[in-house]
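Take a look at this one chain, the form predicted alone, written out in structure tokens.
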């Protein structure tokens, strides 16, 4: 039921974007909705990040799984158990760029001959890596629609992405990898009972939304041959805040654009906001130096303390009489 609801919702949204310009003025879907979606994306993401940044962290809670810094002759695992900011930066870089913690994903299987068996499972890590990196390349390639002249690094990325030189227009590797990775992640949620059990409608909605964007984009590039010049004219006019809607852009493009607008609006509201959230995760962005540096909670109000020196000054004679050791006679 969750799959069906999400699929029908995305299909309905695509139909609204595809046939909407024929019912309402085209500028509503070509100008007004993109501007509104980008505004909601920026404002919503800023509000969510500020909310995370304002959450109190009363003490250091980094997740560690390696040797902490201790005696000089004991080797420290600097990335697993960072004690300095430079170690934290290395750990964060590996986490953000290569999903290091996800690479430790394990699979549990109950076998009749060997009992409960644990093993490394890199399938989820590989699918996530392929999807995110391919998406990054696709977004980078799309910069050619918003810039004139096109930057050299965008042209280089596009040529590198189509190095196979198959088809006309050339089939980009990132497009195929992105689509296949999304299909695998959807298959994983449907095929594995334990993953399907914990999957919510929003999980399927995000996957179908990305699949709709990827599928419509590939269709426009290789099958329907959309007017790229008109699309670039619209994109550049939006960037320069002097919007003009070219004539002759096919309805499929508006369906693609509407799904992108829905994705921008949904991004700050759902689980996709984990992208900026990883930077604010105290289990990752803090050094584990509790034994070396005293961490003072900045939200603690001042409390009058009674030090041991004051305690000894108050009860020194009684302590000596009772035979208790004192620091000062």
Partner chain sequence: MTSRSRIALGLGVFFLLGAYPVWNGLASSADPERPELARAVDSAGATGCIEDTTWMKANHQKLLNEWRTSVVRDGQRTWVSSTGTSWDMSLTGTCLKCHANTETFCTRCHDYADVQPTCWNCHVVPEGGQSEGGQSHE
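Positions refer to the first chain, counted from 1. This is a predicted model, so every value here is computed, not measured.
FYI, the form predicted together with its partner chain isn't displayed, but the following is about it.
For the three residues 53, 149 and 159, a heavy atom within 4.5 Å of its partner chain turns up in the predicted bound form in every case. A single residue from the set 144, 100, 196, 78 has any heavy atom within 4.5 angstroms of its partner chain in the predicted bound form; that residue is 144. Taking a 4.5 Å heavy atom cutoff to its partner chain in the predicted bound form, the contact residue among 107, 240, 111, 104 is 240.
In the predicted bound form, residue 115 stays away from its partner chain, with no heavy atom inside 4.5 Å. In the predicted bound form, its partner chain lies within 4.5 Å of some heavy atom of residue 230.
In the predicted bound form, none of the heavy atoms of residue 269 sits within 4.5 Å of a heavy atom of its partner chain. Put simply, residue 71 is far from its partner chain in the predicted bound form: not one heavy atom of it is within 4.5 Å. The candidate stretches are 300-308, 286-294, 26-34, 53-61, and the one lying within 4.5 Å of its partner chain in the predicted bound form by heavy atoms is 53-61. Along 36-54, residues 41, 42, 45, 46, 49, 50, 53, 54 each place a heavy atom within 4.5 Å of its partner chain in the predicted bound form.
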